[in-house]
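Coming up is one lone chain in structure tokens, specifically the form predicted on its own.
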Amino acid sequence: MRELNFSLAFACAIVDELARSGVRRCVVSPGSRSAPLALAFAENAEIEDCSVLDERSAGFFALGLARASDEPVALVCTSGTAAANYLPAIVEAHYSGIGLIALTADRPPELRECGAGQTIDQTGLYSGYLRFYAELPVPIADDHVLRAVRALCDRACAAANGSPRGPVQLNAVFREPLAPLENPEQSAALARLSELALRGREESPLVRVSASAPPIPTPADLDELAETLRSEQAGWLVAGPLPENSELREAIAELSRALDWPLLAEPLSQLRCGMHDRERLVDAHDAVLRCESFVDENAPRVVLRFGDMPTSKAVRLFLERHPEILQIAICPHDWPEPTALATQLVRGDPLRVSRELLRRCEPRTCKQGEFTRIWFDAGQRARATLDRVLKQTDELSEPETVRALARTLPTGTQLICASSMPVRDVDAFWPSSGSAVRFVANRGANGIDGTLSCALGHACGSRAPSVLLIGDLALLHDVGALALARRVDANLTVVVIDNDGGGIFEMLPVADAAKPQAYERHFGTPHGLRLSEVVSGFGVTCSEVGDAKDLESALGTALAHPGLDFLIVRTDRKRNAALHRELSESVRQALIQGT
């Protein structure tokens, strides 16, 4: 096919290099200008391709695939606003460190800024959010130019797979013919090219790039850090969102034991649940931190933090209230420190840093010291209080939905948490246990867009039983993904909290400060839809559940067979906000009274 015309020859070279550089999946959205790329991917046996109509949904679907497979995923779209629809997923990939390779087809220079249809300035579309950008040359029969195209593709893959990983863009320019039609003059010119330019190297990319590794602090810096940690008994080890890595999980848990420090770990750290050492894990730390009098009286003097800033707002507010605390963040890249109070950012791979610190920190004792015991007991007391209060209510509340998931999901399940309230409720109400559930969320940019698309991609990429916990507005924001849901082989159960609007705003001051009509119109935003009918309208199985037993039974049934299921849990926004306040107050009373 590649000898038929210049556009197909260049498209085949691009796909050759991506495949030889390790790309195994591609998401294509239909279009004419991108036809050479779509056809080249369809013919390549090394890359699995699929088609997604809506480019915004395609971007998030690819994001989920890349996160689950831990490999960059290619995206192909036509020219114009199609490429602009990738932006939200590109932004999330940038902040989450996920490799995406956006191949945006474009018209040649003579058709730009002259009124040609479906043409926009595609340079700088994702400005500031890319690891690498290049516009590929207009296809011609020239050995050097074609080799340069191959080298740019290898370079793009290396950047997407680099340290840190992230999105790249190749703006691919094509002239007619775009279809697999033979142009005798172009075919003859292509036949005169060298085999190296036209077909590349059969067994490897044209340019093999050695893998890069995250940095590691110097031995002197590690010695100094270990000495700081060893000299302090009243410390916290805080774990924010971290990648799934059993070795990292074990190393951080061992460091908590060696220092005899309490471990405050949110579910996205992958340390809340599993078979690793959880003896110093403070369960329900979010609820404990909302009791300011208890926390201020038992504040640490040092905080060692792994991962991004924790999801819990209570953690950030506590740190801002105590600028005197020595706060040390371990981070290989970026600047995950919104409080502007950190004492030290340690540039290093979290696994290597935690292991190096373990080598330098002799275990203090097997038993919990007084400071750790106070915090561990507080976590236990908070969790018991939450359980007691929730057992007193018959209705299936939003916190009880999280608890039902925790009771039901078996080891090996992946729980994808939507932004807004679901990820916060999972942090607040998911108890520590030995059941190794993997927790996933888009916390890079914290947006609700593309959540269902991303979950479908994650389920397809992992091939593991997956559950998505999502709110009604996030589902409606990505309702177009329901069309995608029918076409992909995803083993996904979607649990939708339907409180007819934006439940998170009920927790914010605007709920009381704004005039009721304005609040409902712009924050509450009731949609008035019956979501089961919306979902069923796309031909997807959907049912409503009434209580916790119904939910657990439906989850068990859904997880027992592969495929896509939707379960709707209907709640009340205002009752949910009141319940959250009651739970916080009950924990506060329990901690103050020591009950």
Ligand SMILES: Cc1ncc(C[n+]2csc(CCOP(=O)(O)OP(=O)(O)O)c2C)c(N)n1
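Note that residue numbering begins at 1 and tracks the sequence as displayed. Bear in mind that the values here come from a model prediction, so they are computed numbers and not experimental data.
Another form, the form predicted in complex with this ligand, is not on view; read the next lines as being about it.
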property: This ligand: the contacting residue among 267, 422, 139, 262 in the predicted bound form [heavy atom, 4.5 Å]; result: 422
property: The unique member of 428, 474, 237, 157 whose heavy atoms fall within 4.5 Å of this ligand in the predicted bound form; result: 474
property: Listed range touching this ligand, judged in the predicted bound form by heavy atoms within 4.5 Å, from 439 to 447, 484 to 492, 201 to 209, 126 to 134; result: 439 to 447
property: Exercise: residue 504 in contact with this ligand in the predicted bound form, heavy atom 4.5 Å; result: yes
property: Proximity of residue 499 to this ligand in the predicted bound form, heavy atoms at 4.5 Å; result: yes
